[in-house]
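Take a look at this single chain in structure tokens; it is the form predicted on its own.
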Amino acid sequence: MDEEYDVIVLGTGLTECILSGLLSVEGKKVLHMDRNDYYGGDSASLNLTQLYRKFRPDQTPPTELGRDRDYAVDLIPKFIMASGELSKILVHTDVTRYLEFKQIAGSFVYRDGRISKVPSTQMEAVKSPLMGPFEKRRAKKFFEFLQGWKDEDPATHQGIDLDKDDMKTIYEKFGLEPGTQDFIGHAMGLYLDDDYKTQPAREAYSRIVLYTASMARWGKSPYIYPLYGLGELPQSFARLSAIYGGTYMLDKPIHEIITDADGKFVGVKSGEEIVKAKQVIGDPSYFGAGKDVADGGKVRVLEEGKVVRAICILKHPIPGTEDADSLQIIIPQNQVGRRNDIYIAMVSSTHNVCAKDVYVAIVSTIVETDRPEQELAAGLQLLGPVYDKFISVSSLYTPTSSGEADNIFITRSYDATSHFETVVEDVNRVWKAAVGTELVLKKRDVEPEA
């Protein structure tokens, strides 16, 4: 390892793999290392043996669950927005040639004690129990306003300024009920809490338009998902990096981040070897996450909160969802007396991630109390009988600096959102700090399987 690189990337999570792929395409000399012997880091997909080894080292998987190789269970549940930023990156880099996608069958929301489908067509909207007839009329006017908005045409603004007025004001202008606000903000805007209502409405407008555009791509739901699990995503970007000269080393422990007298990055130490580079990019676990103080006494990451996730193996579809083979259910916080929403993401053998007649549902939320598992109760009770359940509580880390001063660029932990938009925001943030320019992508089209 005597060579010098432009960039060393530590960890093979999706954020790191997208960055190493894009940097390699730009002509950078990249070395990508991971302490694990598999790709994906926190965003890996595990087979049955790996899943039980991670959560129950003393137990072997039950034989009735089927073959080990039939499973690819995601550690972090997220779906891809059909018209979202990750879709654009997949298409821009041509990483789609390594992947096949399938639609997620439905998006649901929990309201007044029952699960209802988020309408994907005009007909479903008319029949939806989410709103009464008068409220449907008001909501129709609200959506027509959003779809008709043109920044350059004040006639479409109806006296509203998206950069000054907050969403609370806009909801009130259209006379929308609290339950409808919940549905729009949480099931379509995909906000985790209600803080967005007091912010300028521009971001909420963009999120709702993205949701409806994604829904309109192929109907049914706004989400697509890669066959064989989300772990395929980082591996595909790793392949892209390798094609453009990137070097990969798995099962390589990192013992030290080496800096010079001014605190600037010099290289990394693995065993007795030192490899040098101009910059390092990595996930928080390589920079002191979970330790009191690491890296010469410098605190590089801070814990922002925790996410609790329950990976549940079911032998049946989720009741009340029209036997959907895949779905998302959003439980808005107001419906269950919480500050943060609860999410359920479910996939099945249709996506080649588990054996036939098995369903994998992951329930997650941001931790608010000292009893994290109990906070998932409202989601778990919607699943029906659970064959087996694996609970994890993960800290959310964020870097203390942009990295430009010392050439150490740290990514953020995967948050509680149900999609990859925040992951791409993080890619853009690190790219701008490390490269010095905005990340610019071209458009093509990504097609899922029917």
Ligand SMILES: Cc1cc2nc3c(=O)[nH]c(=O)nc-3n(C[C@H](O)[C@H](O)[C@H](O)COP(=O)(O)OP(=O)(O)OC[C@H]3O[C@@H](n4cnc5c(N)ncnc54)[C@H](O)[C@@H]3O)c2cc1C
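Throughout, we count residues from 1 along the sequence that is shown. Just so it is clear, the structure is predicted and the values come from calculations on it, not from any experiment.
There is another form of this protein, the form predicted together with this ligand, and it is not shown here; the text below is about that form.
Classification of the binding site as blocked follows from the superposed pose of this ligand in the predicted bound form: three or more of its atoms fall inside 2.4 Å of backbone or C-beta atoms here.
Mapping the unseen interface onto this chain, Ala377 falls outside it, with no heavy atom inside 4.5 Å of this ligand in the predicted bound form. Proximity of Pro133 to this ligand in the predicted bound form: non-hydrogen atoms within 4.5 Å are present.
Heavy atoms of Val126 reach within 4.5 Å of this ligand in the predicted bound form, making it an interface residue. This ligand is not shown here, and in the predicted bound form it never comes within 4.5 Å of any heavy atom of Gly288.
The contact with this ligand in the predicted bound form, taken as any heavy atom within 4.5 Å, belongs to Phe183 out of Phe183, Phe108, Tyr225, Tyr359. This chain is drawn without this ligand; in the predicted bound form, the residue among Pro119, Gly189, Gly179, Pro317 with a heavy atom within 4.5 Å of it is Pro119. In plain terms, the part of the chain that comes close to this ligand in the predicted bound form, with a heavy atom within 4.5 Å, is 138 to 146 out of 155 to 163, 240 to 248, 138 to 146, 200 to 208.
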